[in-house]
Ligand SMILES: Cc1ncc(COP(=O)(O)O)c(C=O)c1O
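To begin, one chain is listed below as structure tokens, in the form predicted alone.
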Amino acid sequence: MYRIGEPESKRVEKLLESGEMFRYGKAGECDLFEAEWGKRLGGAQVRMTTSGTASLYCALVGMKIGPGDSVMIPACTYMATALAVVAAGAIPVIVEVDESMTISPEDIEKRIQPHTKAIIPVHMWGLPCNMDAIMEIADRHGILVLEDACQAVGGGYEGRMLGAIGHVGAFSFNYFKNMTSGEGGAFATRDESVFARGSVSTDCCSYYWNAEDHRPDEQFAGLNYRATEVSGAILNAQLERIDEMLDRMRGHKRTLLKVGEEVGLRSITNHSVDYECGTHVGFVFENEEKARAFASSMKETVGKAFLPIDTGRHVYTRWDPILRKQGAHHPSLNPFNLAENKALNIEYSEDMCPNSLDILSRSVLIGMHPDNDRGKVDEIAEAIRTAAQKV
């Protein structure tokens, strides 16, 4: 979490005093946030949920993804991206990442099959995917794109907001995200049908609260991932913080990238430095030994460096339920057992994406923070210079 305090407290206090705690009550905190976030995304419709995972799942349902479909996801993302796919009844296809730490357009092209229905590019650690290349491939093959912007809230790509470039975008407002309400999420789209179906998936009675929203053909048995007014209130206050925070971190990142260049370090691929979140600076090394030496030196002084390979459930080799094909609580509901998915013939192994494992093992990311002042940035810069001498 970056910043939270009095503005959020006052907003929640006002909500509690009103007694209007229901999502569809008079306070309208969720309604307001959905409207404001939609404006930021260029006029998209937004539906809040309980988490980023729920947002991905509801978006997939809205996109009519299900049995018989495969969905491409990167080898480096939080396991929830894969779990949302199997929850929708589809099968995840794990794709290599490149030196941007995000999904490789080149590998996407290689793995497209007749049953490929969607791609989920994940803007990991606030680092944008190569969205121009991904959208060109998707458009050429008639494939849907669901942007997982759960770790890149508020960031952009070449002047466009992340989560608003693909057909649908998903966001997380978890404790660790750029904008937080502790837990929470949202999906966004300009497609009315996707929004309507995704909303039913988010709230099994979504159509009930609005008498004009009665669509029997869309009223399937949804679940409840309905956001709370408390979450809406917190996020409405957080909206006032996000732009300044990301702008500061982008500036810090540009400064530190220049330092890295001066001492001979090679940056990871950054697709949109002027618009991204700026939450991480990354460098790529010749081998894992040098990467670990650099990270160890950084930790001794500023303690903000890590190897992506060490981040557990963010690496596909640690997605135990997926690798074991345990896609549901009951065998009859497990998408890997469904007749509709037999033709997909997906097999997983820990060595199936060797390029990703190599890149993640010899890269180092350094976390930024919006409260870092000039002195702290200078301290990180000096730590980079010192660590570079050791590799």
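These numbers come from a predicted model, not from an experiment. Don't overthink the numbering: it's just position in the shown sequence, from 1.
The same protein has a further form, the form predicted in complex with the named molecule, not shown here; the description that follows concerns it.
Engineer: Tell me, which of V153, V122, I94, A188 has a heavy atom within 4.5 angstroms of the named molecule in the predicted bound form?
Structural biologist: Among V153, V122, I94, A188, a heavy atom within 4.5 Å of the named molecule in the predicted bound form occurs only for V122.
Engineer: Using a 4.5 Å cut on heavy atoms, which of P128, G278, G166, G184 is close to the named molecule in the predicted bound form?
Structural biologist: None of the other options qualify; the answer is G184.
Engineer: Counting only non-hydrogen atoms and a 4.5 angstroms cut-off, does N174 reach the named molecule in the predicted bound form?
Structural biologist: Yes, N174 is a contact residue.
Engineer: Please run the contact check for L56 against the named molecule in the predicted bound form: heavy atoms, 4.5 angstroms, yes or no?
Structural biologist: L56: yes, in contact with the named molecule in the predicted bound form.
Engineer: Contact between S51 and the named molecule in the predicted bound form at 4.5 Å, heavy atoms?
Structural biologist: S51: yes, in contact with the named molecule in the predicted bound form.
Engineer: Hey, in the predicted bound form, is T81 touching the named molecule, heavy atoms inside 4.5 Å?
Structural biologist: Although the named molecule is absent here, T81 would touch it in the predicted bound form, with heavy atoms inside 4.5 Å.
Engineer: Heavy atoms within 4.5 Å of the named molecule in the predicted bound form: which stretch in 158-166, 176-184, 264-272, 105-113 meets that?
Structural biologist: Among the listed stretches, the partner-contacting one is 176-184.
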